[in-house]
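In the block that follows, a single chain appears as structure tokens, in the form predicted on its own.
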Amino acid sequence: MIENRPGLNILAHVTLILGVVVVAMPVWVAFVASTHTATDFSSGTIPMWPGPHLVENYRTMLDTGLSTSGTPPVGQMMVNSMIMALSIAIGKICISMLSAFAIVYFRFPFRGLAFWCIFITLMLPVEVRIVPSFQVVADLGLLNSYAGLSLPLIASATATFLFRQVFLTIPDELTEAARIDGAGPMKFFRDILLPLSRTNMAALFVILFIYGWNQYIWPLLITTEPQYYTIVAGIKRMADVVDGLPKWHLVMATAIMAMLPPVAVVIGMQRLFVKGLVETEK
């Protein structure tokens, strides 16, 4: 029997509301700032209600960008970020699924060692290996290219581990039945493992897409031509003004637009994302 305690319900709702306010307040301030002009912030006070320049500011960033910072229009930077995020997410899922499939279903010498060699790379994020990674990308002539933005970040030990755990939960009887029916390794992978891993793939796609979209150090390091700037690195360049003050109203408009694709991915794939995180039985 579940007891109805109004006091606890009120406390829970008050806590949730406070949490939402704390999380949403910076977003609200950024949105309000994006609807005003630069002079509205010269007094040192931040307006808390939207102004009349919303359409003007967003149109300026979408059409021409902020020329004083050397960045292209926001639309082009968002396309670059989209290409990078999709390449990283899809590449990580494909490579991780194939590597986990090989480790679980193929018997070859040192397969356990191979898995742990992959897993130990968790201790080597891109920030740790950024100098050798930059040297390799530069030697291959991949600076200022989509391949240079994406390829060094595609390998994922975390996704390999998660898919390995998923494949280990699949009954051996299913594998034997597929073998009796004459299914080869790739047919078993395509017709059985892929459908069973759909929700896990969706959950990983959301996480990896946001990971790729929010990359900052790597794009800032290897891109020097404006046509390859990503949106997150572009915001940093807009805020760094040598002579004069940053145009914060335009920077905030860019920040708001940069939030939209990740939010759309999370909302659009919410059901599969939650199911992929909590599903334990196949």
Partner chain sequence: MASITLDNVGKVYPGDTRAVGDVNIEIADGEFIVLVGPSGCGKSTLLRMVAGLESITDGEIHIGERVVNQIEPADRDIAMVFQNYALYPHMSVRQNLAYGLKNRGTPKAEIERRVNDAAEILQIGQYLDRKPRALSGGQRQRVAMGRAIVREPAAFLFDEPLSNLDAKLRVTMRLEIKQLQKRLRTTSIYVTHDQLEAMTLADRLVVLNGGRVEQIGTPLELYRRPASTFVAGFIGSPAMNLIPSRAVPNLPGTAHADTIGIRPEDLSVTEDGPIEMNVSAVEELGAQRLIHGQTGGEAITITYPSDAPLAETLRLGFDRKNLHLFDSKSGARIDKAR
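Computed from a predicted structure; not experimentally measured. Residue numbers count along the first chain shown, from 1.
One more form of this protein should be noted, the form predicted in complex with the partner chain, which is absent from this view; the next part is about it.
With the partner omitted here, the stretch from 200-208, 178-186, 139-147, 73-81 that lies within 4.5 Å of the partner chain by heavy atoms in the predicted complex is 178-186. The contact residue chosen from 90, 157, 166, 192 relative to the partner chain in the predicted complex is 192, the criterion being a non-hydrogen atom within 4.5 angstroms.
Residues 173, 174, 176 are the members of 158-176 with a non-hydrogen atom no more than 4.5 angstroms from the partner chain in the predicted complex.
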